[in-house]
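A lone chain, given as structure tokens: the form predicted alone.
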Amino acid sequence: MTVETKVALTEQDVRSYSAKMNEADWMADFRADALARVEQLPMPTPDKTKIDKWNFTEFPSHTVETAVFASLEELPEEARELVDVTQQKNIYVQHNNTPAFLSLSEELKAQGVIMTDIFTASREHGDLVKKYYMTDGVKVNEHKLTALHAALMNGGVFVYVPKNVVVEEPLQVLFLHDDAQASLFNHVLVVAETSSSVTYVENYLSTVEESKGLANIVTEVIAGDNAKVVYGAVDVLADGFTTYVNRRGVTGRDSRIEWALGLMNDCDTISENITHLVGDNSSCDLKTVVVGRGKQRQNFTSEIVHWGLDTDAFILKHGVMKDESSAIFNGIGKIEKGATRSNAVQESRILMLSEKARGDANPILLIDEDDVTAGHAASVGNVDPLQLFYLMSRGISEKEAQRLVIHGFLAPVVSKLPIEGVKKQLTEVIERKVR
């Protein structure tokens, strides 16, 4: 049996939606061309996970229009906890599929920094968006899900930092999902030009008990020569979603991308994070934490591809599986021919908290060059009994000792998130899921 991939929406539907959102004309053509490719392209094939029976195309509604917010004070309580409403000057909020709030400081505007919803960006900054949108990062024709995303994109944000501009304070984006009918085809595009620097942090917060929609999310991060992008994210999507997430980075010469990802969805998830180190002396640091529970099935592919000389990469993935959940960690370090003196290191570790939980860590090194350094480490197992014994010998209960071990195990990523409210959210989500 293969998954039904016929899309109910027609070319006229996607063109009408583009017109409704007042997008640039080229975006309507882009959508229509992508929709025509969906039926011809194959599904992605994540290693060791069969997705032929997963639903990636059927959903109750393409868009759900919901309330906008006059101020951050109007956010629901769970959302306000993620935001410093008195201090955060640079923030964008999307409410289901509606651009709901935007604040960007006058100082950053004066320096040419752009942060706006993807629809406004296509209209007001069309040349910039067209230059980078699904060109160097994620391609439309990679497989069915990338083409489907391009055709049905119904939200997202565009961030642009001009040459030589250093954004000192983090830019924050909140994708608030509180309608079970809403699907998320979000596109995030972050561009940092030569010698610029930016920290971007996003939250996916789903407050419904069970979603009836889909999540097909694409992120593209473009770091120009000598640029630095720190990208933090906490994903908390509800049970019921079928989720595909593709986060992609491309580096120029002497540039750096740092990823700190807390992947805390309660739904079945396929997640790809791939960074291409194109420029010489560029680097990438990728840190990911995952907690699975219930009967979740999840597959996480983390890949860094070395193209330039003297490129450096480090992948760190820690996961905790409980109940009957399962997760596949595919870590790939690929050094292309000509990427001399590159360094590719990775570490994947999974803790299993119950007999029926499953974890599989697959470190892969693909090396086509001789003068390089590469290494990997992987482990899958239960909580170390010696650690538990040590803590319990100090008067701590077994349950509390296990909780402390888990938080310590996940701390290398949690500590990297640059916004305190977001760091607190991730800590609380971990606490809730492992309790």
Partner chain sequence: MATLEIKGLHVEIEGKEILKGVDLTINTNEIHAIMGPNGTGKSTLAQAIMGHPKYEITSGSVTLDGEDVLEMEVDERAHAGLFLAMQYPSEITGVTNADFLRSAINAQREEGDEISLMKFIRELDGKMELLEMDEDMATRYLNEGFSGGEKKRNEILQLMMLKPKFAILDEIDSGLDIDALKIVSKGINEMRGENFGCLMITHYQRLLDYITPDHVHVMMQGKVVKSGGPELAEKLEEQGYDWIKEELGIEDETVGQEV
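The structure presented is a predicted model; accordingly, all values stated were derived computationally and were not measured. Residue numbers count along the first chain shown, from 1.
Not pictured, yet referred to below: the form predicted together with its partner chain.
Task: Option touching its partner chain, based on a heavy atom within 4.5 Å in the predicted bound form, out of Val380, Val68, Val372, Met392 - done: Only one option qualifies, and that one is Met392.
Open item on the list: Please tell me whether any heavy atom belonging to Phe30 falls inside 4.5 Å of a heavy atom of its partner chain, as the geometry stands in the predicted bound form.
Closed with: No.
Open item on the list: Please determine whether Pro42 contacts its partner chain in the predicted bound form, using a 4.5 Å cut-off between heavy atoms.
Closed with: Output for Pro42 is no: heavy atoms all beyond 4.5 Å of its partner chain.
- [ ] Find out whether any non-hydrogen atom of Leu386 is located within 4.5 angstroms of its partner chain in the predicted bound form, and reply yes or no.
- [x] So Leu386 counts as contacting its partner chain.
Open item on the list: How about Ala411 - does it come within 4.5 Å of its partner chain in the predicted bound form, if we only consider non-hydrogen atoms?
Closed with: Because a heavy atom of Ala411 falls inside 4.5 Å of its partner chain in the predicted bound form, the answer is yes.
- [ ] Have a look at 31-39, 395-403, 372-380, 55-63 and name the one stretch with heavy atoms inside 4.5 Å of its partner chain in the predicted bound form.
- [x] After filtering at 4.5 Å, what remains is 395-403.
Task: Residues in 138-165 close to its partner chain in the predicted bound form, defined by a heavy atom within 4.5 Å, in order - done: Result: empty, none.
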